[in-house]
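In the block that follows, a single chain appears as structure tokens, in the form predicted on its own.
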């Protein structure tokens, strides 16, 4: 169960790189959804974005910490 990652001599929690990768993924998916116009079918776009981020962040965390 990896709890820490050492990157160039800096020790950081495993969740930090996962958070950065998921944030980049979220921006990409958000722009794709905005360009295709799928937000017109969503009741609350801000809530949908947060829910998508939580889902994207939870999947790798469950895989690592399970």
Partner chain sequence: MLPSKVMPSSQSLAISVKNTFEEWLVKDAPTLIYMAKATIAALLAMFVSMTLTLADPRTAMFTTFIVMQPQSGLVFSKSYYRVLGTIAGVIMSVLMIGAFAQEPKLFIFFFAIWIGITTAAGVKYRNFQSYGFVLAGYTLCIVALPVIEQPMEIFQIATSRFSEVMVGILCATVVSEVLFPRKLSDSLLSSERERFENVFASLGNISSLFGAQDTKDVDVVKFSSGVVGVHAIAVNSVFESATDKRNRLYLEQLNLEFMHLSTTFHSLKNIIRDIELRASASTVDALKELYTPFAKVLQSIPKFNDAGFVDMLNQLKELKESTHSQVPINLKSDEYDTFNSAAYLVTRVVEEYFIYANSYYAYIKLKSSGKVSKELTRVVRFKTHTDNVLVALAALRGSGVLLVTMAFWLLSGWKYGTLTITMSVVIGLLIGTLPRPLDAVMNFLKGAVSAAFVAALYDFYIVPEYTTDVYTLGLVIIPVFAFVGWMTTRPKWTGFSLGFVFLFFSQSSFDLYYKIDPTTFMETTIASLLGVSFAGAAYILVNFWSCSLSQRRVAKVLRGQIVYLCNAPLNLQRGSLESLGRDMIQQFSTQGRLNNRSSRLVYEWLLTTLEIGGAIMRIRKNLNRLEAECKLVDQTLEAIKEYFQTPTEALKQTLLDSLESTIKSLHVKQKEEIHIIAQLSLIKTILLSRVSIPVFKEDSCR
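Positions refer to the first chain, counted from 1. In this text, all values refer to a predicted model and were calculated from it rather than measured experimentally.
Keep in mind that the form predicted together with its partner chain is missing from the display, and what follows is about it.
- Proximity of residue 9 to its partner chain in the predicted complex falls outside the 4.5 Å heavy atom cutoff.
- In the predicted complex, its partner chain sits within 4.5 Å of a heavy atom belonging to residue 47.
- Contact annotation for residue 40: at least one heavy atom lies within 4.5 Å of its partner chain in the predicted complex.
- Taking its partner chain as positioned in the predicted complex, the residues of 9-43 that bring a heavy atom within 4.5 Å of it are, in sequence order, 19, 30, 34, 39, 40.
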